[in-house]
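Only one chain is shown below, in structure tokens, and it's the form predicted on its own.
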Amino acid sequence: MSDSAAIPSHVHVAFLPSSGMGHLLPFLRLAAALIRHRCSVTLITTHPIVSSAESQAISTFLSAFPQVTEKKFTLIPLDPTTADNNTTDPFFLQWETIRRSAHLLSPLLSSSSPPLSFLVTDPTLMASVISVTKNLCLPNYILFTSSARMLSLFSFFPSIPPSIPKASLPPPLLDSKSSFTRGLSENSKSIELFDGVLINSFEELEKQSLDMLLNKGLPPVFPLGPFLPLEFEGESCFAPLEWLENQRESSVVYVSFGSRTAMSEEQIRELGKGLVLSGYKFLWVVKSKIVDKEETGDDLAEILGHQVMNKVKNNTGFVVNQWVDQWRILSHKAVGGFMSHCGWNSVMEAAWNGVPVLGWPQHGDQMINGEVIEAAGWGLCVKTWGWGLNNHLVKGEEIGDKIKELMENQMVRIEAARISEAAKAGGSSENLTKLFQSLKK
């Protein structure tokens, strides 16, 4: 997004993210990109905030960009007796709280100075926010926080596009009574009322899905990705980077399953065994919720197993159980493969850096995202392992074999390099210009 000549300086954009770092970070990254294009930005922050990670990210973002206006949106407390009894996830509950408070947005939006050019809304909030912006005659765009392939499912739900197999659907969608299913269906029905969809993807990666969306009469879709991370996102955990400096080029498997993946202790041990059996060096970020408890160093060593810890002692493996600067790790020449849950932010970071991915989807949109990688030929998505949250135990021998298959596949490596070149060449500036031109219609 380097060419700002076609973008007027008087544009004022408000961002309304919902909850969860996977939703918040794309909003902050896009907001920063628009600031670089001379746009005025307002960030609407919901209070209370669910997690300390979100609170810290917002605080640091506002410090890094003092020209951003923060508007605090105080939510109406959710009455537990009216909440979905099937939902205990704090992020789902926060989405519901924001939706029920959406009518309070009107004075907050109308009081913005200078007047807003448009609002960017999180997909989890679409149905409740669109009526507010329609009454204000304020253009409203969705920032879809997943792949264009997932957007194709979202746009037509409850219909299922023939290109998406039933086995790839997020498991909660198989339950018509789940809060996830009801929320997705409600938001999907409102998509035609929006002025457009912004998405963190690029045409060379998802051309087929983007073409399909274009031909279905939906609001225009603007692929603006890849969104680049902000400088402050990386944690001050330099030990993994220092360790990588001493490793050969493309010799290390980086392993991370995000912040919300829950594996059993038994599965964690099998994963560790697989890393050892693969014969490759590994950098493993164990930041998942292991049986929902915080682990001390001794506890972690016991769970991971002696084989893994021996590798660490012998300097052929590295384990860290805190946040790391994933972007800098993926961009390091020593990293030759990425074993991932296929969260979309991670997928796009791997695409930019040309790192082959071994996908093991755990929940949500991740199986569909893994299929994007597989279709483009720069990684593997292991569907036979099923969803990470099921009771199927994947043995270390299988995991080790798949890691070797990824690391030794030269065609995958060539395709990953091609995807990286396409990501960096990109057409995001052109699509951003089209977005602003659409405001004049």
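Start at 1 and count along the sequence shown; that's the residue number. In this text the structure is predicted, and so the values were computed from the model without any measurement.
There is also a form predicted together with a small molecule; it is not shown, and the following applies to it.
Using a 4.5 Å heavy atom cutoff, S146, M150 and G183 all lie near the small molecule in the model of the complex. Looking at G364, you'd find a heavy atom of it within 4.5 angstroms of the small molecule in the model of the complex.
Contact check for W352: no non-hydrogen atom falls within 4.5 Å of the small molecule in the model of the complex. A residue is said to contact a partner when one of its heavy atoms sits within 4.5 Å of a partner heavy atom; F282 fails this definition for the small molecule in the model of the complex, lying far away. T133 falls outside the set of residues with a heavy atom inside 4.5 Å of the small molecule in the model of the complex. Checked against the small molecule in the model of the complex, the candidates F318, W95, Y141, F222 yield a single residue with a heavy atom inside 4.5 Å, and that residue is W95. Contact annotation: of the candidates P170, P240, G196, G274, the single residue with a non-hydrogen atom within 4.5 angstroms of the small molecule in the model of the complex is P170. Heavy atoms within 4.5 Å of the small molecule in the model of the complex are found in one stretch of 118-126, 353-361, 103-111, 308-316, which is 118-126.
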